[in-house]
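Only one chain is given next, in structure tokens, and it is the form predicted alone.
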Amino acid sequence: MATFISGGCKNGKSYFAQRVAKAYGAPLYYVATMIPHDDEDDARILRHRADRAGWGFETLECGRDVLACLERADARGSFLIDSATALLSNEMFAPDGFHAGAPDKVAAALVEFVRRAPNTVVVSDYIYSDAAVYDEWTLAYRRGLARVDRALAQACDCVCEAVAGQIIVYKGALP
């Protein structure tokens, strides 16, 4: 059963995702998609590692080409992909330049991942409710993430949102 979890920053998405992935059973894989760029990113990664210490997750570092993780893991296991947000950023704003087709590539890869490894939890950040005016790059990214999120919501059995530490289920049921 695949689960998609969206929500704002620091609303409990990752912790909740760990619980859902654990409920799916072992082996447990944490697909770490963030490629750190500064001290804040490094601190966030350390916090996430500490948060999942003792849970039994094997970490698979995969900042791009998420399907490659399945070559290093048992597809019958439970996967937590954290996050679609970072994965899209890595693919869209790659070292070799801007890739406008990244949202479609990432959406297709994540949907295929869920198809191949059905016990997958995918985390994404909800970045759509403010009223700020953004530059063209940020607007393209926000629109792209919306496409990725819609594809995941359609492909997953359960769709949830983390809001102020509470989980709202919009589709399906939690394990």
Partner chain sequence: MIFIIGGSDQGKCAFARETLGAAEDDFFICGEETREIDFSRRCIAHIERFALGCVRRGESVEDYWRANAARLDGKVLIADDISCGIVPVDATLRAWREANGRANAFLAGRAERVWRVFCGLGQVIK
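Being a predicted model, the structure only gives us computed values, none of them experimental. Residue numbers count along the first chain shown, from 1.
A second form of this protein, the form predicted in complex with the partner chain, is not displayed here; the remarks below concern that form.
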Work out which of 49, 142, 64, 115 lies within 4.5 Å of the partner chain in the model of the complex, going by heavy atoms.
142
Under a 4.5 angstroms heavy atom criterion, identify the one residue in 146, 68, 108, 45 near the partner chain in the model of the complex.
146
For a quick test of understanding: in the model of the complex, does each of 153, 160 and 171 have a heavy atom within 4.5 Å of the partner chain?
yes
Here the chain appears without its partner; judged in the model of the complex, the stretch of 29 to 37, 53 to 61, 131 to 139, 115 to 123 with heavy atoms within 4.5 Å of the partner chain is 131 to 139
